[in-house]
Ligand SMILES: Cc1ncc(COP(=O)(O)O)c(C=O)c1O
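In C-alpha coordinates, one chain follows: the form predicted on its own.
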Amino acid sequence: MTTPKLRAELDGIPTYKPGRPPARDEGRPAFKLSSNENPYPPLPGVLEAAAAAAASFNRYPDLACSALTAELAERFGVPAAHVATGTGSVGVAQQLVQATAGAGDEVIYAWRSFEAYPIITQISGARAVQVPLDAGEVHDLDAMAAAITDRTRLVFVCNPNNPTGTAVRRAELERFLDRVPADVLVVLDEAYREFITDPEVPDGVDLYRDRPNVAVLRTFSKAYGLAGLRVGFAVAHEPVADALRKTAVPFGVSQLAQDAAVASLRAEPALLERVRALVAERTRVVEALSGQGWTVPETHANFVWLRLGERTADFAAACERAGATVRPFPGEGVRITIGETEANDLLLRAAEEFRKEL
(Lines give C-alpha, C1' and ligand atoms only; values in the text may rest on other atoms or scores of the structure.)
Protein backbone atom coordinates (compact mmCIF):
# COMPACT_ATOMS: atom_id res chain seq x y z
CA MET A 1 0.00 0.00 0.00
CA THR A 2 1.33 3.43 -0.93
CA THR A 3 1.83 5.75 2.02
CA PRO A 4 2.62 9.47 2.20
CA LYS A 5 6.26 10.37 1.75
CA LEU A 6 7.85 11.49 5.00
CA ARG A 7 11.25 13.07 5.64
CA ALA A 8 14.10 10.59 5.72
CA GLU A 9 15.52 12.43 8.73
CA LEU A 10 12.73 10.95 10.84
CA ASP A 11 14.00 7.41 10.36
CA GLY A 12 15.63 6.07 13.48
CA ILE A 13 14.84 9.03 15.72
CA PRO A 14 14.96 7.79 19.31
CA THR A 15 11.74 8.07 21.25
CA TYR A 16 11.81 10.35 24.27
CA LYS A 17 11.30 8.18 27.33
CA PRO A 18 9.53 9.89 30.20
CA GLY A 19 10.06 8.78 33.76
CA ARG A 20 7.75 5.91 34.65
CA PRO A 21 4.96 6.51 37.16
CA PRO A 22 5.21 4.67 40.48
CA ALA A 23 4.12 1.04 40.52
CA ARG A 24 1.01 0.94 42.70
CA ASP A 25 0.65 -1.95 45.11
CA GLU A 26 -2.31 -2.19 47.45
CA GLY A 27 -1.33 -1.15 50.93
CA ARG A 28 2.20 -0.06 50.03
CA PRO A 29 3.40 3.51 49.44
CA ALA A 30 4.86 4.20 46.02
CA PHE A 31 6.79 7.22 44.83
CA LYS A 32 7.92 8.57 41.48
CA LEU A 33 11.62 9.49 41.58
CA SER A 34 12.08 9.27 37.82
CA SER A 35 11.25 12.68 36.32
CA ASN A 36 13.01 15.28 38.51
CA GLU A 37 9.66 16.74 39.48
CA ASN A 38 9.23 18.97 42.50
CA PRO A 39 7.41 17.01 45.25
CA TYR A 40 5.80 20.16 46.65
CA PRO A 41 2.39 21.53 45.60
CA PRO A 42 2.17 24.86 43.72
CA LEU A 43 3.67 27.87 45.46
CA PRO A 44 1.35 30.24 47.38
CA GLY A 45 -0.97 32.14 45.06
CA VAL A 46 -0.16 30.04 42.01
CA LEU A 47 -3.16 27.73 42.05
CA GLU A 48 -5.46 30.72 42.50
CA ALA A 49 -3.86 32.51 39.53
CA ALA A 50 -4.23 29.44 37.34
CA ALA A 51 -7.83 28.92 38.41
CA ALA A 52 -8.67 32.52 37.56
CA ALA A 53 -7.08 32.11 34.14
CA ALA A 54 -9.05 28.90 33.56
CA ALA A 55 -12.27 30.88 33.56
CA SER A 56 -11.21 32.36 30.22
CA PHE A 57 -9.78 29.40 28.40
CA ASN A 58 -12.40 29.74 25.71
CA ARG A 59 -10.09 32.56 24.56
CA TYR A 60 -6.62 32.34 23.09
CA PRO A 61 -3.75 33.17 25.42
CA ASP A 62 -1.60 36.27 25.04
CA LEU A 63 0.54 35.41 22.02
CA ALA A 64 3.45 37.54 23.21
CA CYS A 65 3.32 36.35 26.84
CA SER A 66 3.57 40.05 27.64
CA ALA A 67 3.11 39.99 31.42
CA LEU A 68 5.46 37.05 31.88
CA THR A 69 8.07 38.55 29.55
CA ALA A 70 7.98 41.84 31.47
CA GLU A 71 8.28 40.02 34.80
CA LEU A 72 11.26 37.99 33.56
CA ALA A 73 12.97 41.04 32.06
CA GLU A 74 12.70 42.85 35.39
CA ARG A 75 13.81 39.81 37.39
CA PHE A 76 16.99 39.28 35.35
CA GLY A 77 17.72 42.90 34.48
CA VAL A 78 17.56 42.36 30.73
CA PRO A 79 15.62 44.04 27.90
CA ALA A 80 12.22 42.50 27.24
CA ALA A 81 13.35 42.00 23.63
CA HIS A 82 15.96 39.54 24.97
CA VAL A 83 13.33 37.22 26.51
CA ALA A 84 11.55 34.50 24.53
CA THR A 85 9.10 31.99 25.98
CA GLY A 86 8.09 28.50 24.92
CA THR A 87 6.63 25.18 25.94
CA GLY A 88 9.18 24.30 28.57
CA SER A 89 12.91 24.73 28.10
CA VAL A 90 12.90 21.68 25.82
CA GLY A 91 10.43 23.42 23.51
CA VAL A 92 12.67 26.49 23.39
CA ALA A 93 15.70 24.24 22.78
CA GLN A 94 13.96 22.74 19.76
CA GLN A 95 13.20 26.22 18.45
CA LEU A 96 16.88 27.13 18.79
CA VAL A 97 17.94 24.11 16.76
CA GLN A 98 15.31 24.89 14.12
CA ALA A 99 16.57 28.47 13.94
CA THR A 100 20.25 27.56 13.54
CA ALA A 101 20.78 24.09 12.05
CA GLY A 102 19.58 22.18 9.02
CA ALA A 103 20.82 19.49 6.67
CA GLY A 104 24.62 19.33 6.62
CA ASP A 105 25.00 21.36 9.83
CA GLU A 106 26.28 20.04 13.16
CA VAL A 107 25.04 20.33 16.73
CA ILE A 108 27.47 19.47 19.52
CA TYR A 109 26.57 18.30 23.01
CA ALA A 110 28.04 16.14 25.75
CA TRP A 111 26.97 12.53 26.16
CA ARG A 112 25.39 11.34 28.20
CA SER A 113 23.35 14.50 28.61
CA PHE A 114 19.72 15.52 28.16
CA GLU A 115 18.09 12.86 26.02
CA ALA A 116 16.05 15.36 24.00
CA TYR A 117 19.18 16.76 22.32
CA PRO A 118 19.62 13.92 19.79
CA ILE A 119 15.90 13.95 19.05
CA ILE A 120 15.56 17.65 18.29
CA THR A 121 18.83 17.63 16.35
CA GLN A 122 17.77 14.78 14.08
CA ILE A 123 14.34 16.31 13.52
CA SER A 124 16.03 19.41 12.13
CA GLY A 125 18.09 17.29 9.71
CA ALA A 126 21.38 18.29 11.35
CA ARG A 127 24.10 15.88 12.45
CA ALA A 128 24.61 15.26 16.17
CA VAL A 129 28.18 15.35 17.46
CA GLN A 130 28.28 13.65 20.84
CA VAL A 131 31.34 14.31 23.02
CA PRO A 132 31.79 11.85 25.92
CA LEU A 133 31.76 13.15 29.47
CA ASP A 134 35.09 13.00 31.27
CA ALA A 135 35.94 10.44 33.97
CA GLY A 136 34.21 12.58 36.59
CA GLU A 137 30.91 12.60 34.63
CA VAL A 138 31.49 16.30 33.74
CA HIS A 139 31.43 18.03 30.35
CA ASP A 140 34.81 17.73 28.64
CA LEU A 141 34.84 21.30 27.37
CA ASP A 142 38.29 21.01 25.77
CA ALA A 143 37.09 18.07 23.69
CA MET A 144 33.88 19.91 22.84
CA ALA A 145 35.84 22.94 21.66
CA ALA A 146 38.09 20.69 19.57
CA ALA A 147 34.98 19.14 17.95
CA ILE A 148 33.82 22.45 16.49
CA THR A 149 34.13 22.64 12.71
CA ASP A 150 33.00 25.07 10.03
CA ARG A 151 29.71 23.12 9.98
CA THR A 152 28.96 23.60 13.67
CA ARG A 153 25.96 25.83 14.26
CA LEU A 154 25.02 25.21 17.90
CA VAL A 155 26.59 23.79 21.08
CA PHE A 156 24.54 22.71 24.10
CA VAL A 157 26.13 22.94 27.54
CA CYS A 158 23.76 21.42 30.10
CA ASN A 159 24.77 22.97 33.40
CA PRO A 160 24.06 21.22 35.75
CA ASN A 161 24.11 18.22 33.47
CA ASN A 162 21.10 15.93 33.19
CA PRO A 163 21.34 13.06 34.20
CA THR A 164 24.67 13.22 36.07
CA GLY A 165 24.03 16.41 38.07
CA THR A 166 27.60 17.59 37.57
CA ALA A 167 28.43 21.20 36.70
CA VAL A 168 31.19 23.15 35.02
CA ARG A 169 32.61 26.12 36.87
CA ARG A 170 33.16 29.69 35.81
CA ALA A 171 36.84 29.64 34.79
CA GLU A 172 36.55 26.58 32.57
CA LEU A 173 33.25 27.71 31.05
CA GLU A 174 34.59 31.18 30.24
CA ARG A 175 37.72 29.64 28.73
CA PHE A 176 35.51 27.44 26.55
CA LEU A 177 33.31 30.34 25.46
CA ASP A 178 36.42 32.29 24.46
CA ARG A 179 37.37 29.42 22.11
CA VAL A 180 33.98 29.17 20.38
CA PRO A 181 33.71 31.09 17.08
CA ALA A 182 31.46 34.13 17.29
CA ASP A 183 29.06 32.72 14.68
CA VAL A 184 28.37 29.51 16.66
CA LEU A 185 25.54 29.71 19.19
CA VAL A 186 26.27 28.30 22.65
CA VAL A 187 23.15 27.35 24.60
CA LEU A 188 23.59 27.16 28.37
CA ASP A 189 20.77 24.84 29.42
CA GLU A 190 20.15 25.74 33.07
CA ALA A 191 16.93 23.88 33.85
CA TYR A 192 18.24 23.09 37.35
CA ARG A 193 19.92 26.43 38.08
CA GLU A 194 17.95 27.08 41.28
CA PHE A 195 19.48 24.05 43.04
CA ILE A 196 23.10 25.24 42.65
CA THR A 197 24.82 26.29 45.89
CA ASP A 198 28.43 26.39 44.65
CA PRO A 199 29.36 30.05 43.97
CA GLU A 200 31.93 28.89 41.42
CA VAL A 201 29.18 27.57 39.12
CA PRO A 202 28.27 30.69 37.11
CA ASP A 203 24.85 32.10 36.35
CA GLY A 204 24.52 31.88 32.59
CA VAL A 205 22.69 35.20 32.45
CA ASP A 206 25.86 36.91 33.70
CA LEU A 207 27.83 35.28 30.89
CA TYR A 208 25.33 36.10 28.15
CA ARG A 209 25.41 39.86 28.74
CA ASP A 210 28.56 40.62 26.74
CA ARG A 211 28.50 37.53 24.52
CA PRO A 212 26.05 37.79 21.58
CA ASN A 213 26.50 34.08 20.76
CA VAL A 214 25.33 32.84 24.18
CA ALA A 215 21.71 31.98 25.00
CA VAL A 216 20.43 30.77 28.35
CA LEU A 217 17.58 28.31 28.85
CA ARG A 218 15.47 28.18 32.01
CA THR A 219 12.25 26.43 32.97
CA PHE A 220 9.40 26.62 35.46
CA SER A 221 9.09 22.83 35.45
CA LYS A 222 11.61 21.95 38.16
CA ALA A 223 12.19 24.24 41.15
CA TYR A 224 8.98 26.18 40.50
CA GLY A 225 6.90 23.02 40.27
CA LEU A 226 4.98 23.81 37.07
CA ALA A 227 6.02 20.72 35.10
CA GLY A 228 2.46 20.03 33.99
CA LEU A 229 1.92 23.51 32.54
CA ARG A 230 4.89 23.52 30.09
CA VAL A 231 6.45 26.94 30.28
CA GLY A 232 10.10 27.82 29.82
CA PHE A 233 12.10 30.69 28.43
CA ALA A 234 15.37 31.83 26.93
CA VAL A 235 17.45 34.90 27.60
CA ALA A 236 19.40 35.79 24.47
CA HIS A 237 20.48 38.77 22.43
CA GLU A 238 17.84 40.21 20.15
CA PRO A 239 18.67 38.41 16.87
CA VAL A 240 18.45 35.03 18.63
CA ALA A 241 15.43 35.95 20.72
CA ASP A 242 13.67 37.22 17.60
CA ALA A 243 14.44 33.94 15.81
CA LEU A 244 12.84 32.12 18.74
CA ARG A 245 9.66 34.12 18.32
CA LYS A 246 9.63 33.22 14.62
CA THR A 247 9.97 29.48 15.30
CA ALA A 248 7.51 29.36 18.20
CA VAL A 249 4.22 27.52 17.90
CA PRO A 250 1.59 30.29 17.97
CA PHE A 251 -0.25 30.41 21.31
CA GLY A 252 1.87 27.49 22.56
CA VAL A 253 2.08 28.75 26.15
CA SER A 254 -1.38 28.71 27.70
CA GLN A 255 -2.72 31.60 29.75
CA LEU A 256 -2.86 29.29 32.75
CA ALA A 257 0.86 28.67 32.36
CA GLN A 258 1.67 32.35 31.85
CA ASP A 259 -0.27 33.51 34.91
CA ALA A 260 1.00 30.65 37.07
CA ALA A 261 4.58 31.49 36.09
CA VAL A 262 4.13 35.16 37.00
CA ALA A 263 2.64 34.18 40.37
CA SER A 264 5.52 31.75 40.92
CA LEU A 265 8.10 34.47 40.31
CA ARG A 266 6.33 36.64 42.89
CA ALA A 267 6.44 33.85 45.50
CA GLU A 268 10.24 33.80 45.70
CA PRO A 269 10.55 33.55 49.51
CA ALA A 270 8.51 30.32 49.53
CA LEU A 271 10.46 29.04 46.51
CA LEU A 272 13.79 29.60 48.24
CA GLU A 273 12.55 27.81 51.35
CA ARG A 274 11.53 24.77 49.33
CA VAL A 275 14.78 24.76 47.39
CA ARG A 276 16.75 24.84 50.65
CA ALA A 277 14.75 21.87 51.92
CA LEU A 278 15.39 19.88 48.74
CA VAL A 279 19.09 20.73 48.80
CA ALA A 280 19.26 19.52 52.42
CA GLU A 281 17.58 16.27 51.39
CA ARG A 282 20.00 15.98 48.48
CA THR A 283 22.92 16.26 50.87
CA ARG A 284 21.41 13.62 53.14
CA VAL A 285 20.82 11.20 50.25
CA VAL A 286 24.31 11.69 48.80
CA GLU A 287 25.97 11.16 52.19
CA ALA A 288 23.90 8.04 52.85
CA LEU A 289 24.64 6.53 49.43
CA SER A 290 28.33 7.33 49.80
CA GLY A 291 28.29 5.73 53.23
CA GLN A 292 26.86 2.57 51.67
CA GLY A 293 29.84 2.45 49.33
CA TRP A 294 28.33 3.95 46.16
CA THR A 295 30.30 6.33 43.96
CA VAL A 296 28.11 9.42 43.63
CA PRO A 297 29.26 12.26 41.38
CA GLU A 298 28.98 15.73 42.91
CA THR A 299 25.46 16.85 42.06
CA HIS A 300 24.18 20.40 41.72
CA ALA A 301 20.62 19.49 40.73
CA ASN A 302 17.60 17.85 42.37
CA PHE A 303 18.76 14.33 41.52
CA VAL A 304 21.71 11.99 41.89
CA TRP A 305 23.39 9.67 39.39
CA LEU A 306 24.70 6.16 39.90
CA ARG A 307 26.68 4.58 37.06
CA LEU A 308 25.76 0.90 37.22
CA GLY A 309 26.51 -0.43 33.75
CA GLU A 310 24.98 -3.86 33.21
CA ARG A 311 23.34 -3.81 36.67
CA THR A 312 21.24 -0.75 35.83
CA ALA A 313 18.01 -2.60 35.08
CA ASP A 314 18.39 -4.83 38.15
CA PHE A 315 18.85 -1.84 40.43
CA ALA A 316 15.85 -0.02 38.94
CA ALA A 317 13.71 -3.12 39.41
CA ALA A 318 14.82 -3.46 43.04
CA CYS A 319 13.91 0.16 43.72
CA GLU A 320 10.53 -0.27 42.09
CA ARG A 321 9.79 -3.32 44.23
CA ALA A 322 10.59 -1.19 47.27
CA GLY A 323 8.16 1.51 46.13
CA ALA A 324 10.55 4.04 44.56
CA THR A 325 10.53 4.27 40.77
CA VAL A 326 13.81 5.68 39.39
CA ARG A 327 14.93 6.50 35.86
CA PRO A 328 17.19 3.85 34.30
CA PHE A 329 19.40 4.49 31.28
CA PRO A 330 19.97 0.90 30.13
CA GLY A 331 23.56 -0.23 30.27
CA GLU A 332 24.70 3.06 31.80
CA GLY A 333 23.14 4.04 35.12
CA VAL A 334 20.18 5.42 37.01
CA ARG A 335 19.05 8.93 37.81
CA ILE A 336 17.28 9.31 41.14
CA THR A 337 15.15 12.37 41.83
CA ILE A 338 15.26 13.89 45.30
CA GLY A 339 11.67 13.56 46.49
CA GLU A 340 9.75 13.47 49.73
CA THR A 341 11.66 12.32 52.81
CA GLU A 342 9.65 9.10 52.92
CA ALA A 343 10.42 8.40 49.26
CA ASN A 344 14.11 9.05 49.78
CA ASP A 345 14.15 6.72 52.77
CA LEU A 346 12.60 3.93 50.68
CA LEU A 347 15.22 4.50 48.01
CA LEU A 348 18.08 4.42 50.48
CA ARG A 349 16.89 1.15 52.00
CA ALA A 350 16.59 -0.42 48.55
CA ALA A 351 20.06 0.82 47.58
CA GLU A 352 21.56 -0.57 50.77
CA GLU A 353 20.04 -4.00 50.19
CA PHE A 354 21.14 -4.01 46.56
CA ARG A 355 24.66 -3.00 47.52
CA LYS A 356 24.98 -6.13 49.61
CA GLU A 357 24.48 -8.21 46.45
CA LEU A 358 27.39 -6.60 44.56
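For clarity, every value in this text was computed on a predicted model and none was experimentally measured. One rule holds for the numbers: they count along the sequence shown, beginning at 1.
The same protein also has a form predicted in complex with this ligand, omitted here; what follows describes it.
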With the partner removed from view, which of 169 to 177, 206 to 214, 260 to 268, 155 to 163 is the stretch that lies within 4.5 Å of this ligand in the predicted complex, judged by heavy atom distances?
155 to 163
Check residue 230 for me: does it contact this ligand in the predicted complex (non-hydrogen atoms, 4.5 angstroms)?
yes
Contact test in the predicted complex: residue 222 vs this ligand, heavy atoms, 4.5 Å
yes
Closest heavy atom of residue 76 to this ligand in the predicted complex, within 4.5 Å or not?
no
Is residue 109 one of the residues lying within 4.5 Å of this ligand in the predicted complex, judged by heavy atom distances?
no
In this chain shown alone, the residue from 120, 144, 191, 236 with a heavy atom within 4.5 Å of this ligand in the predicted complex is 191
Answer option from 285, 126, 240, 90, heavy atom within 4.5 Å of this ligand in the predicted complex
90
